[in-house]
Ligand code: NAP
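First, one chain by itself: the form predicted alone, in structure tokens.
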């Protein structure tokens, strides 16, 4: 079985950011700046917060971590978004999900400033994604797309898995992974089945799929008997078993040797997602630098 590791692609993306960070510093007189808002320190996504901070520091990106209390209420959350949106020294905002109950509303996504919304959650960024018809429109810039969904596409391409013409099952219909990923895959001419908890005969759908992508958050639920021998599994799950060990949605030990390829957890989609986030943060800073009188010279970008 081929191991579709993500560390090599992540290193490639991060390496390409070094001169871009230098150019931003020259253009703005300061490094790119990322604000991370995280309400729950014990959530699966919080596992990656320390890694994001360390990766930012390694590249010279300034990062500010905000850990508000849910008890402070929704108004305080909206005020924080407003302050960060107006702060000229803040280029990018990352909202770690989940948010407290009642916070994930249309009002929130409308309030999240699109120019700083590097995970593509704002109404404007998400709307632009869903009215796009060709994948190059994402690469051309002008809006941000959800980093995890984008990471899946980039990892597939890196390992030579072309979505065009393939039957692909996506398990999980969240706004941050499943829905935008299904849209991106469709733009790349795949035939996509977006699965969820109410989908009948999931094993049958998986068995007929060339690629199975899972973001369901169910530890090791995908077994070898659910997959065809030529299948590739892209595991987006970030779970912890009864021993506290991180694992994916697929039972890696069970499926290895029985299918064509699979991503490991950790070490698969996660590192690429992190790299995509930092890349988007630098791009947001570049946009701000270009809007200043000095801008970014061609020499500085090299």
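Computed from a predicted structure; not experimentally measured. Numbering follows the first chain given and starts at 1.
The same protein has a further form, the form predicted together with the ligand, not shown here; the description that follows concerns it.
*Hey, in the predicted bound form, does residue 33 get a heavy atom within 4.5 angstroms of the ligand?*
No, no contact at 4.5 Å.
*Given that the partner is absent here, does residue 221 sit within 4.5 Å of the ligand in the predicted bound form, heavy atoms only?*
Yes, residue 221 sits close enough to the ligand in the predicted bound form that at least one of its heavy atoms falls within 4.5 Å.
*asked:* Even though the partner isn't displayed, in the predicted bound form is residue 155 close enough to the ligand, meaning a heavy atom within 4.5 Å?
replied: Contact with the ligand, no.
*Is residue 202 close enough to the ligand in the predicted bound form to count, meaning some heavy atom within 4.5 Å?*
Output for residue 202 is yes: heavy atoms within 4.5 Å of the ligand.
*Heavy atom within 4.5 Å of the ligand in the predicted bound form: which of 171, 145, 93, 181?*
Among 171, 145, 93, 181, a heavy atom within 4.5 Å of the ligand in the predicted bound form occurs only for 171.
_Quick check on this chain: which one of 78, 207, 166, 97 has a heavy atom within 4.5 Å of the ligand in the predicted bound form?_
Spelling it out, the residue with a heavy atom inside the cut-off is 97.
*Any idea which of 58-66, 254-262, 238-246, 34-42 reaches within 4.5 Å of the ligand in the predicted bound form, heavy atoms considered?*
Of the options, only 238-246 has residues within 4.5 Å of the partner.
_Where, within 245-283, is there a heavy atom within 4.5 Å of the ligand in the predicted bound form? Residue list please._
269, 270, 273 sit within 4.5 Å of the partner.
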